[in-house]
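Read the single chain below, which is given as structure tokens and is the form predicted on its own.
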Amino acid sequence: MRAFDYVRAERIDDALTALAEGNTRCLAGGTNLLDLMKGDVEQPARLVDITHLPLAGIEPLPDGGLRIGALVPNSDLANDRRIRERYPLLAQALVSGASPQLRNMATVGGNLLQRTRCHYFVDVGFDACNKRKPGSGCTALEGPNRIHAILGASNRCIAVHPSDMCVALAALDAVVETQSRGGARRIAMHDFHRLPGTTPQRDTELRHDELVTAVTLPPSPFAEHSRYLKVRDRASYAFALVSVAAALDLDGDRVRDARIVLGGVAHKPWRARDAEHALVGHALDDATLSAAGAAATHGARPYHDNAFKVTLAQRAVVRAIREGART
């Protein structure tokens, strides 16, 4: 780990001032950042401790939604009665992530900014990684790539987004609130994370001088019928090979509205709009489910070790919809 300066922010303005200086990272739970610093993947000149900022509350909004502070621990959010009753999809996703000990430390803001899942990114022994060293190449293209992306990748990067929470937030039409010295912004969850394109070193639309302050959830029509399904190599403390956030608004057995978002398959939570279109207006019979599953992976481009993810994702979508419809 490289030497760094430590700053403890007592006010949001203090944190924003420090962030504006550049090469600065915010420290909350530290469950991702500190590991990357120990491995020399992240080398900030300054850490700003934001754990004392007033960003750890969950507040009702006038429209019936909720504002979730960026410092709310994952375990507190998953156990909040309002989340369990009104946004059960989010509670399911949070509980499926990491271990109880990590969930006690990890925060909402930190989870949003969790760095890419890729063996070659987190191991500096691999020199070619466009995410760490832009222009150096992508080892995963020719190396073992079982865990890597099948959707939305580029020839610069085929890594996948690791968060479970973010997949559920994308299905719930969440909005990320940020603040800088230049003012506040609201970024739709669908737009917050980036596909790699030609700039894989940028994971999100967050600017270096911005602080994530909260996530807002609108009132949801999906509370009764939703399911977060995570397919992984072992039953606990493992990243998703494929995950599915399926949220349904049903009128009898007919789908009035739907959200289908995949995890473990792309550089960001992947909204499967074609699958949603295959569901809306139709009864949930075998033909509709099969069509939705197939549509979920339209445009998939698997690599030599991960072609199985295409079929796995299709079957996971069908299963998540079935289970969500029964709840």
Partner chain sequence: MDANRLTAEGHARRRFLLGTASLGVVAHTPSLFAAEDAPLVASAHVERGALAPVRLQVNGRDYMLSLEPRVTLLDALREYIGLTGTKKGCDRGQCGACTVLVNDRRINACLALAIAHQGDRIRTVEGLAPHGALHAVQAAFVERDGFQCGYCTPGQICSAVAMLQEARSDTISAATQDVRQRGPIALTDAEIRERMSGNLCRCGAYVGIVAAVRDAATRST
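Residue numbers count along the first chain shown, from 1. Treat the numbers as computed from the prediction; the structure is a model and nothing was measured.
Same protein, other form: the form predicted together with its partner chain, not shown, and the subject of what follows.
Interface membership of E177, defined by any non-hydrogen atom within 4.5 Å of its partner chain in the predicted bound form, is ruled out. Among heavy atoms of A78, some come within 4.5 Å of its partner chain in the predicted bound form.
Contact annotation: G29 falls within 4.5 Å of its partner chain in the predicted bound form, judged by heavy atom distances.
Using a 4.5 Å cutoff between non-hydrogen atoms, G39 counts as a contact of its partner chain in the predicted bound form. Heavy atoms within 4.5 Å of its partner chain in the predicted bound form are found in exactly one of 90-98, 148-156, 130-138, 162-170, that being 90-98.
In the predicted bound form, its partner chain lies within 4.5 angstroms of at least one heavy atom of each of the following residues of 42-69: A45, L47, D49, H52, in sequence order.
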